[in-house]
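Before any questions on how it binds or moves, here is one chain, the form predicted on its own, in structure tokens.
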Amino acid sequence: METSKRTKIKELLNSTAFGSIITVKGWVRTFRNNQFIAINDGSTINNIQAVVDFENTDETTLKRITTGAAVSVTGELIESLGKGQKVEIKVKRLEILGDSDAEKFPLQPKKHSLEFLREIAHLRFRTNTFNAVFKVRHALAFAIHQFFNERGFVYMHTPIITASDAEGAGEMFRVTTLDFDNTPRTEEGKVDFKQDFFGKSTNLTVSGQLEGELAAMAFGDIYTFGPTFRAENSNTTRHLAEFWMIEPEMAFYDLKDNMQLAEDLLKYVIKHAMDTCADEIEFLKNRLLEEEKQKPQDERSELDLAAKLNFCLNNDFERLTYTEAIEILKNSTPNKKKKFKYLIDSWGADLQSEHERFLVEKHFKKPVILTDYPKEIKSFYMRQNDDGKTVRAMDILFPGIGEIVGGSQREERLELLENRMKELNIPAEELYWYLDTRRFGTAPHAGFGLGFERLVLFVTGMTNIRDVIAFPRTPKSAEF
């Protein structure tokens, strides 16, 4: 049958072209009283109501209008009398494009737990919550590219398969084509990687930073935005084995410039999401308020989602050194009353999420940038301070999340970098290409990493990182 051009529901909900004949295609969310179909086509979180003349519609067709079925309706756009919507469609012609067996379709019009939806992650996009989450994710990704593009940065695609470990963390996924049942061995009995695809041991990247630095020493300002992989066995609500990272690297930047860029970026992308996803953020805000009602009063957030986002936009981020933060934490009430799970007793302690959140949510009541961490708890490439104890690192801490950005001014002095690598047993010959940037025309430079899912987690108010990436990869789980 001839189908007229379809109009997206998002456009129609704001339309006043009453009396015009339009076609909508989408999926049935609900069908009530044998006449009211709520249709959603993914263009907006909101549904449009189509009213069927059931007395003049074939009985078998009516029976096929079930939750999840795909339909095409053509009819007249009329002003709605029902509450909650301005327009609806008076159906003249209805076609079922794809049936959905109500008995078997796992998404029925009722509240499903997020745990259950994770088990059917291939269908969860069809719920309002995930429609909202992934619209916000899209807006944030778009805004990141727009922010850097407006500032003349070059977008670099760094390799996903590498032979280096940028973080020195050692928790990497190996990439190989060797036969596990018949692995070639050297005379010493070790795996002979010379016979592997790349002729050496390779792994999935943990960061695009080192390659990014090479590009920054030519283009000045670059950024990467791509998938990264960590094989740490962390089954937490904040860790994924496969996640996306934004990593800018800037030549001629010091730590102060670096902090300012990161603050500007965060404010820019949050504002963009609030401006372009107002309906979605409103929905997620209300979803969160409902969820919080289940919690005891003292565990509820002080701010709702929109207030929390504005909290980051309307405050200058507080900057202080790690040393100052340790003093504040040491003398804090939760530390003295032994309320922290990890008590702070001396300088050099690695800060945990509870400490980071205390500084942001209770002490300063604004986002915090911590700088000048002990070199022992930071990566080899960070620029050493003159005190011999600390490095020019910076972490940005956000409410509800803790660390969202980690970065530093990089060590541009060849000798100091080589000495630090020796101390940490990082083989200089494997990273000769990285050290070349310090050999030929070295210059002060800086950069940071922003974990994209942590950003999405923050802006959507979701509480589990598995709910802000389409198909989460976590220990013992690689479904779909």
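These figures come from a predicted structure and were not determined experimentally. When you see a residue number, it is the position in the sequence shown, counting from 1.
Another form exists, predicted together with the RNA; not displayed. Remarks below refer to it.
Checking 330, 118, 138, 151 against the RNA in the predicted bound form, a heavy atom within 4.5 Å turns up for just one residue: 118. The contact with the RNA in the predicted bound form, taken as any heavy atom within 4.5 Å, belongs to 113 out of 186, 113, 177, 314. In the predicted bound form, the RNA lies farther than 4.5 Å from every heavy atom of residue 68. With a 4.5 Å cutoff on heavy atoms, residue 123 does not count as touching the RNA in the predicted bound form; it lies far away.
In the predicted bound form, residue 181 stays away from the RNA, with no heavy atom inside 4.5 Å. Interface membership of residue 85, defined by any non-hydrogen atom within 4.5 Å of the RNA in the predicted bound form, is confirmed. Here the chain stands by itself, but in the predicted bound form one stretch of 276 to 284, 215 to 223, 254 to 262, 402 to 410, 402 to 410, has heavy atoms within 4.5 Å of the RNA. Remark: all three candidate residues (54, 352 and 465) come within 4.5 Å of the RNA in the predicted bound form, counting heavy atoms only. Residues 230, 232, 233, 234, 235, 236, 237, 238, 239, 240, 243, 245 are the members of 218 to 253 with a non-hydrogen atom no more than 4.5 angstroms from the RNA in the predicted bound form.
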